[in-house]
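A single chain comes next, written as structure tokens; it is the form predicted on its own.
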Amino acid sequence: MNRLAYALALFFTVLTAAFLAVPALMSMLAGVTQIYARGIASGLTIDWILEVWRLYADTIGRSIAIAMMTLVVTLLVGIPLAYAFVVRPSALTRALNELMTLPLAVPGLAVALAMLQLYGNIDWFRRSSLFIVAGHVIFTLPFMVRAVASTLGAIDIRTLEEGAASLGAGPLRRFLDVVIPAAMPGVLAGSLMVVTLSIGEFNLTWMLHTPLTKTLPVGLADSYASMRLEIASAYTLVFFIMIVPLLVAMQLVARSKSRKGMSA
């Protein structure tokens, strides 16, 4: 019975992985074929990749820069917020917690429209990538706060702080030397989620971007709408080549940090 259950679980796992991976692999393969309609028989080429790089190279660097800026802001804001939610629970913090998750309950287009109505008249801000960063922070901040708060809530952070205070540590020293190291697993998990969501976010970014502030997903949609299918597929391949190593590296860092924390 156990073997049958294992075999069924393995079958459905492989089937699900194939369902998700095969279309992406076919799209990437189309990006290196001469003519998509003829397939591999038409020959392989990197011309389409070079064309994508010529047309959309700026969107790659901009997406990574926006994701990193979003991560910095969510770390600076999210860790103290999560600490307050766990250590200083009150009606105000509960209200803030519920209010913070509101952007997740409404479509990204509605959030972007609200931002345009509030800040659209500030020309330098509207034309800057910082406008997109602000939108991404609103969208990703709840994920950082929830990840850190769940980690702090699983340990007796108050006792740890009291022990540090008894040794003469002030509030800032306790926060830097006790709270942040204790919350590090949640910080790493939240960071991975924030970067992943920021790089792949489309709906909100599509409303907030200008022709000079396109990101990877927006450029991908633009290539699908206005270019040959081979170029759009090559864009997908470039997307994977640039983003997957970044996400894998972040996961390896998170895994090594968690192992060090367990050994300590």
Partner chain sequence: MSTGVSVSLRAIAKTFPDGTRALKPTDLTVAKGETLVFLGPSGCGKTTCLRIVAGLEKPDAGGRVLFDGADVTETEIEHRNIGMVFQSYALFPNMTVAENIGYGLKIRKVPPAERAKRVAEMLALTGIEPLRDRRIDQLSGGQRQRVALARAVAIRPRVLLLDEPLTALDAALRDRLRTELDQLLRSLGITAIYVTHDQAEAMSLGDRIVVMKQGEIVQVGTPREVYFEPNSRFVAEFIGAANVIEGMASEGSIRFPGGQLMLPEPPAEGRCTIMLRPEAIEIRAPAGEDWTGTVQGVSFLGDRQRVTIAGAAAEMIVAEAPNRTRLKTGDRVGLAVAPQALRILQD
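Remember, it's a predicted structure, so these values are computed and weren't measured experimentally. Numbering follows the first chain given and starts at 1.
The same protein has a further form, the form predicted together with its partner chain, not shown here; the description that follows concerns it.
Looking at E98, you'd find every heavy atom of it more than 4.5 angstroms from its partner chain in the model of the complex. Heavy atoms of G120 never reach within 4.5 Å of its partner chain in the model of the complex, leaving it off the interface. By the criterion of a heavy atom within 4.5 Å, R94 is excluded from the residues contacting its partner chain in the model of the complex.
Taking the partner from elsewhere, A165 is found to have a heavy atom lying within 4.5 Å of its partner chain in the model of the complex.
Exactly one of the stretches 110-118, 154-162, 78-86, 139-147 approaches its partner chain in the model of the complex with heavy atoms within 4.5 Å, and it is 154-162. Contact with its partner chain in the model of the complex, defined as a heavy atom within 4.5 Å, holds for exactly one of A134, L192, V73, V178, namely V178.
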